[in-house]
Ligand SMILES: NC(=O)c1ccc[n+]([C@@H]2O[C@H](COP(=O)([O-])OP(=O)(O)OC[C@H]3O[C@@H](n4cnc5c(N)ncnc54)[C@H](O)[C@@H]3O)[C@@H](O)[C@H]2O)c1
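Presented as structure tokens, the chain that follows is alone, the form predicted alone.
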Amino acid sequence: MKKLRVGVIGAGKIAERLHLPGYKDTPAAEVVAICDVIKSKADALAKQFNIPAVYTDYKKMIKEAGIDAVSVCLPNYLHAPVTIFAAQNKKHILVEKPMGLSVKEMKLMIKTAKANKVMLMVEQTHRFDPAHEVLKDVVDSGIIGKIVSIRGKLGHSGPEYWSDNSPWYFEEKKSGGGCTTDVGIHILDVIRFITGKEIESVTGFMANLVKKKFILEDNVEAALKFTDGSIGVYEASWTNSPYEVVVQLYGTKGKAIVNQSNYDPQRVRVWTIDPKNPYGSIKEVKYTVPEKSRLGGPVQHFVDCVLNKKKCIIDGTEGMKSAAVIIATRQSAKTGKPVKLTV
């Protein structure tokens, strides 16, 4: 069986904790090269994951390493230029979230990948959370009826506790924003994935409440208006301890909740009602949440889709739509006005 030959660009924590273990657990792929401008970081991960070639120039790696695909694990402002160069050189791309820092550059990323007939997939981890997959099944089944209201929150202690020695997170020109861009993108994308709804406009509110030395927002709240008339809220935080992810969906026949945290087992809970007797007919419906994603995980899904010419669940267009909401949220918070989405 032909293996997908991969080069990983960026030797930070997301490469170490997600991409490289993902490829290691995927028999159909092999990482043959890794690149980082800090050679010692690339050397360390090459040794840890038995990667034969180390580079400090991603363009040289793409041209010389004999690879079929790349994982782009770089600071956010580098996602677009590196992705575009990889696509121009006929390499399939798995790029970290957020896909890009502007709609203009994301459209160019999509256009370039399409023109060169390569796959462009965005790594949005929470689409591969088994609880979120089950919650999507619940919505698609119609058991809780038409979804009329949505609330989602993702919060943790901040990137300085997750990825040490990564100051770019707190530089707006490199990151694109604070917690909105870092973790808001996750919960917003989950809402879009689970419900299948598109967003018409967003009204955002940002604040720096705790991490004063970092200037950027450490908390955000945003009101969403969907194109079908339903409404919702998403929240993100760099000051939430312990870590948690919560999604609440309210429908015409019941409600469903996902609660994932470090102190409470991940679960899906669903309650239904008889619309003719909503106060006296509450019934809990039990669902089993598998330990692993039905797709294996983002890396496994990427490899499978490339080798078997399948459509991935988070392509460039999907990635752009979620990132565009994040950009609009920050714009709204800065101007004090709602922002309509144009993609």
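Please read all numbers here as calculations on a predicted model, not as lab measurements. The first residue of the sequence shown is number 1, and the count goes up from there.
Not pictured, yet referred to below: the form predicted in complex with this ligand.
Across the options 234 to 242, 90 to 98, 136 to 144, 193 to 201, residues that bring heavy atoms within 4.5 Å of this ligand in the predicted bound form belong to 90 to 98. Of the heavy atoms in I314, none are within 4.5 Å of this ligand in the predicted bound form. Although the partner is absent here, V303 is not a contact residue: none of its heavy atoms lies within 4.5 angstroms of this ligand in the predicted bound form. Though the partner is left out of this view, C35 does reach within 4.5 Å of this ligand in the predicted bound form, counting heavy atoms only. Contact check for S102: every heavy atom lies farther than 4.5 Å from this ligand in the predicted bound form. Contact with this ligand in the predicted bound form, judged by any heavy atom within 4.5 Å, is made by just one of N259, S157, T252, S163: S163. Residues of 214 to 235 that come within 4.5 Å of this ligand in the predicted bound form, judged by any heavy atom, do not exist; none qualify.
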